[in-house]
Each structure stands twice: as structure tokens, then as C-alpha cells.
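Consider the single chain below, provided in C-alpha cells and representing the form predicted alone.
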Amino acid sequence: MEVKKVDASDITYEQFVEEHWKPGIPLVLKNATKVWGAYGQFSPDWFRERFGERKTHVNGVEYSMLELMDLVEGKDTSRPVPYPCKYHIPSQLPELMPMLTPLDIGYAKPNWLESAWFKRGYWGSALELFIGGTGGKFPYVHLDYYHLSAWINQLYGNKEFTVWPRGQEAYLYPDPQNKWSSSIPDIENVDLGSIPSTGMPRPSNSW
């Protein structure tokens, strides 16, 4: 599907809700994070200088920010870049919080995660910094938990996304053990002989 790109100054919140959020049509909002103090600041060197020794864990292995940035930029080629690598900003990088306001950038509202219900658990503070390098990709196709909208703010580098239109979820064959993820192991190299064709009835366990 083609994803439209619009400068944030050219679309109102009301237009966004009616034309994209309600029908479930993805949109790239260009220049939306210009309202953030982080805009134009974040870079590998910026994080090295300020948080070089700040640590996080990826697949059970501990990494410092300095190690991660060296891996991402290819200064360390002795091992692959871990992914998904993330820092939970409120607890691991709280100094960044003042640089990420307004968090909703004027479009990601109302925020369900601000409700008392979500604050009881992790979802009320799932604000994360993702770090990735060449070749890194999320390990499985998924639908965000509880049908929450996903907001990704790209502040440095480039990232490629693969999305499917609303209504096609069943044809991605939800995993019977985890209905939020696809049971297809490699979406870029699908073994068509192992799954029913689209002419078959929809799978019963659908999103």
C-alpha cells in the first residue's frame, strides 16, 4: 500500500483524525517533531558524549550506549548490531523527557495510555528510544497490543516499515499462541506451500 507523506503544517488535527486515524490509514507527518527540543540534536556522538556509560540489555546481554553507537556506525565490526535495542526513557534516560514535549506533537491524542487503567502497568509509560543499525529488523510481523496506535518518531537516520491495510490481518495468520503476532516465520520469504491460499476461508483465529 502507498503511504502518504504530508508536512505537519499542511494538515489539521481534525483532518488527520477523519482521513487517517478513523479509517486506519498510515501517514508520514513530515517535520512534526520540530516542536521538540530533541529535534536536530540527537546523533550517535550526542549520545556518546552524554550517556556513554548508560546501559541496557538486549536479549540478555548488557550493552553501554558507547558500545551500541560504535556497533551502529560500524566502528566495531566484531559482532552484529543487536536488535531490537531500546531504552525505556522515563527510567533509563529520564534526562530526555523535557526534550520530548509535547509528547503528542499535536496529533497523537487522546492518549489512552494516560488513563488510570493503563498506568497500573507497563503500558502507561511505554516511551522508548529504539536504536538500530544496518540489517536490523523486528523479529516478527505483529499487531500492536490492545489495538493501540503506533507512533514512531524518527529523529536520526532512516528506517523502513512494512505495513498491511486494515482488514488483511487474517491473511497474516495470527499465531495461535500469541494472536498479536504472525505465525509466518519470514514475511519476506514466504513458503506458499505451507499456508492456505487467499482463496481459502479465513483462518478462524484472526486479529
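Sequential numbering from 1, following the sequence displayed. Worth saying up front: this structure is predicted, and the values here are computed from it rather than measured.
One more form of this protein exists, namely the form predicted together with a small molecule; it is left out here, but the text below deals with it.
No residue in the set Y39, F42 and D104 has a non-hydrogen atom no more than 4.5 Å from the small molecule in the predicted complex. Interface membership of H57, defined by any non-hydrogen atom within 4.5 Å of the small molecule in the predicted complex, is ruled out. Interface residue remark: F130 is counted as part of the site for the small molecule in the predicted complex, having a heavy atom within 4.5 Å.
Taking non-hydrogen atoms only, V163 never approaches the small molecule to within 4.5 angstroms in the predicted complex. Contact annotation for E49: none of its heavy atoms lies within 4.5 Å of the small molecule in the predicted complex. Figure note: of the listed segments 49 to 57, 64 to 72, 170 to 178, 139 to 147, the one touching the small molecule in the predicted complex, with heavy atoms no more than 4.5 Å away, is 139 to 147.
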